[in-house]
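Before any questions on how it binds or moves, here is one chain, the form predicted on its own, in structure tokens.
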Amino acid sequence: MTTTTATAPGKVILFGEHAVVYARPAIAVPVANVKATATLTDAPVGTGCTIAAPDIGANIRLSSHRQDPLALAVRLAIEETGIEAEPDWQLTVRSDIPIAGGMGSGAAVSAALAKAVFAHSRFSAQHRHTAETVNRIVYEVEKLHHAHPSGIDNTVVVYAQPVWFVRGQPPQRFYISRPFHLVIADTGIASSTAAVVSDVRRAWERDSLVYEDIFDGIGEIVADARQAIVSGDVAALGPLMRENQHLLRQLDVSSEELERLIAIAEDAGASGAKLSGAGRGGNLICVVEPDSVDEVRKALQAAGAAGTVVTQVGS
């Protein structure tokens, strides 16, 4: 029996969440410290294709779970390979990316599964645009996870590179002239991206002028952040995060716990902090100078953060 393994990283949005759904830019980066891993093994003839996800206690038969996100990722990938009959495969997917925390866990799992299918079937050797194909498949699965996905999760997770993203346009990878550190903290509160995005949409429909102004403001911050990253002006990122968080509060997507942990991070030495992802739970991110990383991380842990991840953006 042959076994194939594929992985995909987590991600965080640095700037631009929610506004990105309304055609404003966003910047997101992969978080290589956490990842999803899919393992595909040939199974005995006639057993069909099954997908196990021990982290969530799921065991899925491909033929009987057509609308399950894991099954959809595998089925779409199989269709792309040209395999007509259901293959006899056992797939197992595991992830150490926090679920419902704005770190792209669903997109990473889908990407790892699709990549495993392609690698196992040698599809990648025959197809010149495997990354683009995986990206398209993961976006289709994201529609099940999130009512109106922006496309940013699948793009960053699949390409595993920092990107400037505008919905409906090809992602732009850009140069990071000076590395910077992030401390990511999990509030421990699960957040439904679909629910929060839908709430923002309903509010936008009621008062589009006010919300369009907020989205414009976020878009300007994202543009300033890109310039700061490209020029190496890391010191500008903290204040820009604070401004972005101020506008996210106006969208009513923050929470008491997010605000509490953001204040603790900044008091401990972070130059700026904000929620990352849908909000109302999930994760916050902090821009931190290297000599303050441990202090900020320890302060967040002492304050009750469910988990912390430290990552360097750029090399």
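Sequential numbering from 1, following the sequence displayed. These numbers come from a predicted model, not from an experiment.
We do not show the form predicted in complex with (R)-mevalonate, though everything after this point is about it.
- None of I218, L182, V197, I97 but one reaches within 4.5 angstroms of (R)-mevalonate in the predicted complex through a heavy atom, and that residue is V197.
- In summary, among the residues H145, H148, R201, R75, the only one with a non-hydrogen atom within 4.5 Å of (R)-mevalonate in the predicted complex is H148.
- Judged by heavy atoms within 4.5 Å of (R)-mevalonate in the predicted complex, the contact stretch among the candidates 113 to 121, 152 to 160, 239 to 247, 225 to 233 is 152 to 160.
- (R)-mevalonate in the predicted complex comes within 4.5 Å of a heavy atom belonging to T193.
- Shown alone here, A278 lies within 4.5 Å of (R)-mevalonate in the predicted complex, counting heavy atoms only.
- (R)-mevalonate is not shown here, but in the predicted complex it comes within 4.5 Å of a heavy atom of V21.
- Contact annotation: L300 falls outside 4.5 Å of (R)-mevalonate in the predicted complex, judged by heavy atom distances.
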